[in-house]
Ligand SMILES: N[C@@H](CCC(=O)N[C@@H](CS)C(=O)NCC(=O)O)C(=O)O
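Below, in structure tokens: the form predicted alone, a single chain.
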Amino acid sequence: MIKLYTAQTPNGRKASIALEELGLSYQVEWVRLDKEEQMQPAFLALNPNHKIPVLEDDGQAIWESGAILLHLGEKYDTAGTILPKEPAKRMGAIQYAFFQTGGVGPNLGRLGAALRKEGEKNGEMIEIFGGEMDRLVGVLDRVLEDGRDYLGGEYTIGDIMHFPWLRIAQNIGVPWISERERVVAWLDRIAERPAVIKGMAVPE
């Protein structure tokens, strides 16, 4: 049985969405971040970096959300549902997954931390990370301007990786998403998928 150690965060929901898209059975272990369960020895034995998600599969503990999605795609996705089999399309999916982990995720995470900071906000940090998010979402907008439905043309791990992060920003109403119709339509398209709806509700 696959076991997913997760919490109610965008990175955790990447993994649950992928599991739902592939129709896999899995057991959910809710790691209570507010109780610092991720710092307990049992969890650190799975992930020394004390972050969720962690996927335990056949005796192997896999951490880093991008690595988890690649593992699921390579081991279980015989139909190419989220990780295409054709080499060029497969590399495209991996490319967009890396774009998220290297750009969108870190910058949006730092922007969120700056906005959530109690007391006086650091305006410079908000301007820097907000500006970079505007630029990064602009890249996605250019990718989508040829009319494709998803980043790689077909729905892949590249879309899954972006969705839980950018959906939060979309729901807040940030202009660097709301003012880009193609990006809004792309996120709304992903949000309608039954597996995404289920995955976004994990853990509950």
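Don't overthink the numbering: it's just position in the shown sequence, from 1. As the structure is a prediction and not an experimental result, all values here were calculated from the model.
Only in words, not in the display: the form predicted in complex with this ligand, which the text now covers.
**Q** Report whether the minimum heavy atom distance between Gln38 and this ligand in the model of the complex is within 4.5 Å.
**A** Contact with this ligand, yes.
**Q** Quick one: does Ile52 come within 4.5 Å of this ligand in the model of the complex, counting heavy atoms only?
**A** Close contact exists here: in the model of the complex, Ile52 approaches this ligand to within 4.5 Å, heavy atoms only.
**Q** Residue-level question: is Glu64 within 4.5 Å of this ligand in the model of the complex, judged on heavy atoms?
**A** Result yes; Glu64 sits at the interface with this ligand in the model of the complex.
**Q** Can Leu33 be called a contact residue for this ligand in the model of the complex at 4.5 Å between heavy atoms?
**A** Yes.
**Q** Based on heavy atom distances of at most 4.5 Å to this ligand in the model of the complex, which listed stretch, 151 to 159, 44 to 52, 137 to 145, 170 to 178, is the contact stretch?
**A** Residues of 44 to 52 come within 4.5 Å of the partner.
**Q** Out of 188 to 204, which residues reach within 4.5 Å of this ligand in the model of the complex, heavy atoms considered?
**A** Heavy-atom contacts within 4.5 Å come from no residue here.
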